[in-house]
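Form predicted alone, single chain, as structure tokens, below.
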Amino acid sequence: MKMTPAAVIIGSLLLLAAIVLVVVYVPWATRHDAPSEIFRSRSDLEAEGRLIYIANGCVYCHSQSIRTIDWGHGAERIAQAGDYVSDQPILLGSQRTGPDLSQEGGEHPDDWHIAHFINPRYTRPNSIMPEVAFLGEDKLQALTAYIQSLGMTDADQRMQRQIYWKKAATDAYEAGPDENVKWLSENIPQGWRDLPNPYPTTDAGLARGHLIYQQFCIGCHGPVGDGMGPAQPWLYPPPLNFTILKNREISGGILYYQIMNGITGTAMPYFKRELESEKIWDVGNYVAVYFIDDSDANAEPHGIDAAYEPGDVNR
């Protein structure tokens, strides 16, 4: 066959038709219209927030789809076609410059999201997300409602848990420091309460803890650990003031558990998916030494030291 203009045009049209058939028509013809088991319709406020999400280009940095290869993101559920039956357009997204949001609803209470939108560095000190405070209070509330709907009925269950524990956390905070610390400690399993920090307070360990504190904690708890970080005006109950914990039997295990698991109902998130074990112990040591001034690091009961640790070769 000669490469004539007609052959080029006809060949190009056939190639385009094949692409449209495979990429457009076949997915449309085989589309899945049945709602998934978590599907629910959105409220008017959530729908308004979705339009704000679209208008401000949030989809350019946030995906809303977890695939089978994405377990490393810590997802609890793989996205299903039936999750998106009412979405036009579907906001799957292709970039994860920010975290995936497909199951974001109920991961944090509302006030955390408001502080985050006012300035993302308040809640995530290393965030590169732009501020959206310019949207104003009403639009921020709508955007928050939309984010809290992501995950649908699963998100609703998480939100119920947030609301339940926010009331308990607020009551404890308003009862005063003694009751607040007692409530926080009593909601930690006994085994963790009895566990000292197994890592010694070396200069290197405290330096690592300082860096982790700056990267994850300073926006809420502040540079001196008094709970007066820049996020504080938008959060209630406010971030914990570590300095009130001195002489209150706060073990390394208590600090570890709360950093690892967060405090649901408050703005304190869990870090179990972001910080490996040693980093949690190191930042716990940093908080205990510099803000509480009461550390049980490397105390008994004492097991076998990790290989890199300085000290007695027989331990």
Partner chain sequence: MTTGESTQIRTYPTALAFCITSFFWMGVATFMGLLGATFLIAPDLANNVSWLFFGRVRPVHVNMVLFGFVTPGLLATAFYYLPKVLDTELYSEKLGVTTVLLWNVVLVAAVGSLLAGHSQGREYAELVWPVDIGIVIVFLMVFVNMIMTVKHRREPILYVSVWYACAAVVLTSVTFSLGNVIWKPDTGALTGIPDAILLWFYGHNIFGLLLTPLSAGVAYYVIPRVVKSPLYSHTLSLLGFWSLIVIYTHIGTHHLLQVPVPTWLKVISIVDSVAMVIPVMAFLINIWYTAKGKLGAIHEDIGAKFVFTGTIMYFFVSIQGSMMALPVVQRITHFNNWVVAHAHIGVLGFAGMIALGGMYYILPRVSGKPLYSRLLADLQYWMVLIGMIGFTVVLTIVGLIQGNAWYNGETVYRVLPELQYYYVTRAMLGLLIFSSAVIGLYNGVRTLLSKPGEAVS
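C-alpha atoms forming the largest set that superposes within 1.5 Å between two forms make up the rigid core. Residue numbers count along the first chain shown, from 1. All values reported here derive from a predicted model rather than from experimental measurement.
There is also a form predicted together with the partner chain; it is not shown, and the following applies to it.
Contact residue in the predicted complex, from Val289, Val59, Leu45, Met260 (heavy atom within 4.5 Å of the partner chain): It is Val59 that has a heavy atom within 4.5 Å of the partner.
Based on heavy atom distances of at most 4.5 Å to the partner chain in the predicted complex, which listed stretch, 235-243, 179-187, 161-169, 75-83, is the contact stretch? It is 75-83 that comes within 4.5 Å of the partner.
Contact with the partner chain in the predicted complex for Val224, defined as at least one heavy atom pair within 4.5 Å: yes or no? Taking the distances in the predicted complex, the answer for Val224 is no, it never comes within 4.5 Å of the partner chain.
Under a 4.5 Å heavy atom criterion, is Ile128 part of the interface with the partner chain in the predicted complex? The answer is yes: Ile128 has a heavy atom within 4.5 Å of the partner chain.
Find out whether any non-hydrogen atom of Pro89 is located within 4.5 angstroms of the partner chain in the predicted complex, and reply yes or no. Yes, Pro89 is a contact residue.
Within a 4.5 Å heavy atom cut-off, is Gly11 in contact with the partner chain in the predicted complex? Looking in the predicted complex, residue contacts with the partner chain include Gly11, since a heavy atom lies within 4.5 Å.
Heavy atom within 4.5 Å of the partner chain in the predicted complex: which residues of 9-29 meet that condition, in order? Counting only heavy atoms within 4.5 Å of the partner chain in the predicted complex, the contacting residues of 9-29 are Ile9, Gly11, Ser12, Leu13, Leu15, Leu16, Ile19, Val20, Val22, Val23, Val24, Val26, Pro27, Trp28.
Rigid core fitted, is the C-alpha displacement of Pro301 between the shown form and the other one 2 Å or more? No, its C-alpha moves less than 2 Å.
Where do Gly72 and Ala115 end up in the predicted complex, Cα atoms closer or farther than shown, with a change of 3 Å or more? The answer is closer, because the C-alphas of Gly72 and Ala115 approach each other in the predicted complex by 3 Å or more.
Pairwise C-alpha change, Gly72 versus Met268, in the predicted complex against this form - closer or farther, 3 angstroms or more: Compared with this form, Gly72 and Met268 lie closer in the predicted complex.
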